[in-house]
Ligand SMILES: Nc1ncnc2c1ncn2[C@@H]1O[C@H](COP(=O)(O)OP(=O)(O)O)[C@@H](O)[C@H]1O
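Just the one chain here, laid out as structure tokens, in the form predicted alone.
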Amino acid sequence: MISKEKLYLYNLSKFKELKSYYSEQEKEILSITEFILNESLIEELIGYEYIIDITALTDINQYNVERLINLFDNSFTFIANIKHKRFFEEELRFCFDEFVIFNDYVENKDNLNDRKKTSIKKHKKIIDIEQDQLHLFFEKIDQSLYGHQKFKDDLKKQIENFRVFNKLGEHLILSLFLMGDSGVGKTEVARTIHKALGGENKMAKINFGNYSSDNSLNSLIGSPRGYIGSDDGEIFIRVAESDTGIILIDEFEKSNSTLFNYFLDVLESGRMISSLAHEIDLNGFIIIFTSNISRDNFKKVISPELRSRFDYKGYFTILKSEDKSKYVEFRLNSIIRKFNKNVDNLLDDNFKHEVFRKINVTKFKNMRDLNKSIKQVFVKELKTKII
């Protein structure tokens, strides 16, 4: 029997730091469950310096545990959740010479903290905008979001109140619940705020139409440590990739009570916690929930506890023809500007007016359908001009 020398025991709440520590050394962490299902994978990886998390071995009898561990050579490093320290010390005492507890996985705690600070990306949040710049933010919202004037007025008041009471520590997250038919501009609200904050990366968006199964919580916040696919989950990945304090939860009504309860806790605590015990501080974030449900169904679908946590509840209606016409002009200006910049500088105002004239905005209730029509008419007119 070959001794593997050391088994490193980690604290679950510090796993993210451990993962970052090994990532800096270009070493990947794999779960032992992958090799339980297919032992032949071990031979393919021998000679490479992989980190193997063996936490899941607590569910296997001792003989098979020892046999599996001894299929690996000393090029592998083994780690496990410290919660099962006694199990590993007793059942694997013949496989490892030493059981080492890593508190922060590096000897110098200060160096780790410095790395953590530099690795955390700062999100641009509404609470960080200087007061004299706030009017420019609202101008961008007003210019980019067509129609829905009452909502824009309400949003201004909500943000102003949020900024004050957030500083007092009484209001951590601004939550908006927007209802209405598909294509009336609900999701555009989140995109508009994201851009107005100066967002350059993709906005953090989760579509709950994909989260109706019993396993939806694991998909959202990650599977428990030690299992195949265990990671932080989609919402943690999306927030980490974004550069603004905006989260869009689309089609919220299509989920289930488990996720409703999770977000109830998020709105109350001001933080998200993954199944791996990793935490994201959402202080200063705006979370926008959208839904196609009607006003009447709102109370039937959403629990009283969750309804009370939403700071603003609004119903979006179909845009007026005047607002739709303004949107068409805005889209045409944007398309023509991009076309002239990237293809050839040959489209002018006359071309724009010709396209505009052939789009009957009264026919469209859904803004997505209107946008499709704009593209179709644009291409059709472009062909006649080129020919």
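Between two forms, the rigid core is defined as the largest C-alpha subset superposing within 1.5 Å. Numbers for residues come from their place in the sequence shown, where the first is 1. Predicted model only: the values in this text are computed from it and were never measured.
Keep in mind that the form predicted together with this ligand is missing from the display, and what follows is about it.
J.: Counting any heavy atom within 4.5 Å as contact, can you tell me which stretch out of 75-83, 138-146, 258-266, 157-165 lines this ligand in the predicted complex?
T.: Looking at the partner contacts, the answer comes out as 138-146.
J.: Quick check on this chain: which one of V184, I235, I126, I173 has a heavy atom within 4.5 Å of this ligand in the predicted complex?
T.: Comparing distances to this ligand in the predicted complex, the residue within 4.5 Å is V184.
J.: Which residue, R309, K313, R191, K254, is the contact with this ligand in the predicted complex, using a 4.5 Å heavy atom cutoff?
T.: Selected option: R191.
J.: Using a 4.5 angstroms cut-off on non-hydrogen atoms, would E43 count as touching this ligand in the predicted complex?
T.: Yes.
J.: Quick one: is I54 in contact with this ligand in the predicted complex, heavy atoms, 4.5 Å cut-off?
T.: Heavy-atom contact with this ligand at 4.5 Å: absent for I54.
J.: Might M367 be said to contact this ligand in the predicted complex, defining contact as any heavy atom within 4.5 Å?
T.: Output for M367 is yes: heavy atoms within 4.5 Å of this ligand.
J.: Can you check whether I69 is within 4.5 Å of this ligand in the predicted complex, heavy atom basis?
T.: No - in the predicted complex, heavy atoms of I69 and this ligand never come within 4.5 Å of each other.
J.: Heavy atom within 4.5 Å of this ligand in the predicted complex: which residues of 294-308 meet that condition, in order?
T.: Residues within 4.5 Å: none in this stretch.
J.: Would you say I42 moves between this form and the one not shown, meaning its CA shifts by 2 Å or more once the core is fitted?
T.: Shift of 2 Å or more: yes.
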